[in-house]
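Presented below, as structure tokens, is a lone chain in the form predicted alone.
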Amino acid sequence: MANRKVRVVHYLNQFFGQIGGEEKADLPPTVKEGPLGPGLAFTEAFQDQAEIVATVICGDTYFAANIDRAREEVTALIGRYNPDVVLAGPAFNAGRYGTACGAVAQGVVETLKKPVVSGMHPENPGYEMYRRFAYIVETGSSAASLRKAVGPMARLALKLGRGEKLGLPQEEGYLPRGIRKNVFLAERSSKRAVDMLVARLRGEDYVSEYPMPFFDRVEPSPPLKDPAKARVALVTSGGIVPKGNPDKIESSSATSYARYDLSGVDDLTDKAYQTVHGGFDPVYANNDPDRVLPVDVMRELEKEGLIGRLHRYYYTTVGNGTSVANARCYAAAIAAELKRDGVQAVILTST
């Protein structure tokens, strides 16, 4: 390995692969020789120690809608070039792109037995879903942080491509992978634990050997005083949309939500509505969309006087792989509209 360049194959989406924007997001996997787009920056960072022999490109929508097939197709294209290491992205905080990069990493590691380096914002769903398959460098939320990501990603790629052993995440500059390994230390665990406790009591810095997970805590709203007079809205992450998906909500890592009118609608039929959610078997939801968005039941409650009225509009998106940051943005925007329209309660449904 020391006498030759490290062979690298680079995976990009349609935008960074310089094919087009959203209008080309349904592009099937294709391959081009040599580096493209961000690959030129990586080539410069490699300083003749590695060579990007090919760039594999796939549209974000195509990958999200056909994730298993797309992973196999991309992995097969990569395998043709017998790389020492694969680069994927960086994807920043782009949910569909990050999920695709992670799925590519899974295919490459499991099928080709080659290491993969990527770059993502920690809130990208691709990181949480696929971190055990790739060495992921932390990036900013947008492509403006590309230059900062290239150096650390290139260094990791060179090490892995040469078969060198990597140290801990904080030593090598990649995000934790959720993989625990046993190591032998000079001091026994009881002494290390007491030392950490003493440091905490003294207000001194210390690093836990087992970082605790962080969970959002949301205080519940008070109950409705009189449901029979309340306007109630339906909001879902189950991807229920009018037939044909007019607003093109993605089946995974959604980048938008939509609002649809329920005026005159007492039942969601399979002829008029469908789910676009890609994270579960859609057969039962498509046969009767009320199973996910219970408009029929809400109309019954309305007629019986148990609720004041069902709100004219419902809101929908897809929860599958959608980033926490995007979900918060959707929630804030939807909540503002519901408050403006005088809605007193919301029923949230998922899958």
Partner chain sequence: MVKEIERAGLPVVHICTIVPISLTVGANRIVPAVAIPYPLGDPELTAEEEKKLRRRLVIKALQALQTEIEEQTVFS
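Residue numbers count along the first chain shown, from 1. Take the two forms, superpose them, and find the largest set of C-alpha atoms that agree within 1.5 Å; that set is the rigid core. All figures in this text were calculated on a predicted structure; none of them were measured in a lab.
Although not depicted, the form predicted in complex with the partner chain is the subject of the following passage.
- Among the residues Asp270, Glu164, Asp281, Asp261, the one placing a heavy atom within 4.5 Å of the partner chain in the predicted complex is Asp281.
- Exactly one of the stretches 69 to 77, 142 to 150, 121 to 129, 197 to 205 approaches the partner chain in the predicted complex with heavy atoms within 4.5 Å, and it is 121 to 129.
- The partner chain is not drawn, but in the predicted complex it has no heavy atom within 4.5 Å of Lys181.
- The partner chain is not drawn, but in the predicted complex it has no heavy atom within 4.5 Å of Val53.
- Contact check for Arg291: a non-hydrogen atom falls within 4.5 Å of the partner chain in the predicted complex.
- Put simply, Pro227 is close to the partner chain in the predicted complex: some heavy atom of it is within 4.5 Å.
- Residues Ala64, Ala331 and Ile347 are all found to lie within 4.5 Å of the partner chain in the predicted complex, as judged by heavy atom distances.
- Interface residues of 297 to 322, taken as those with a heavy atom within 4.5 Å of the partner chain in the predicted complex (partner not displayed): Val297, Met298, Glu300, Leu301, Glu304, Leu306, Ile307, Thr317, in sequence order.
- Relative to the superposed rigid core, Ile307 undergoes a CA displacement of at least 2 Å between this form and the one not shown.
- Fitting the two forms on the rigid core leaves the C-alpha of Ala144 displaced by under 2 angstroms between this form and the one not shown.
- The Cα shift for Glu51 between this form and the one not shown, taken after rigid core superposition, is smaller than 2 angstroms.
- Between Pro282 and Tyr130, the Cα distance is greater in the predicted complex than in this structure, by no less than 3 angstroms.
- In the predicted complex, the CA atoms of Phe280 and Arg69 move apart by 3 angstroms or more relative to this form.
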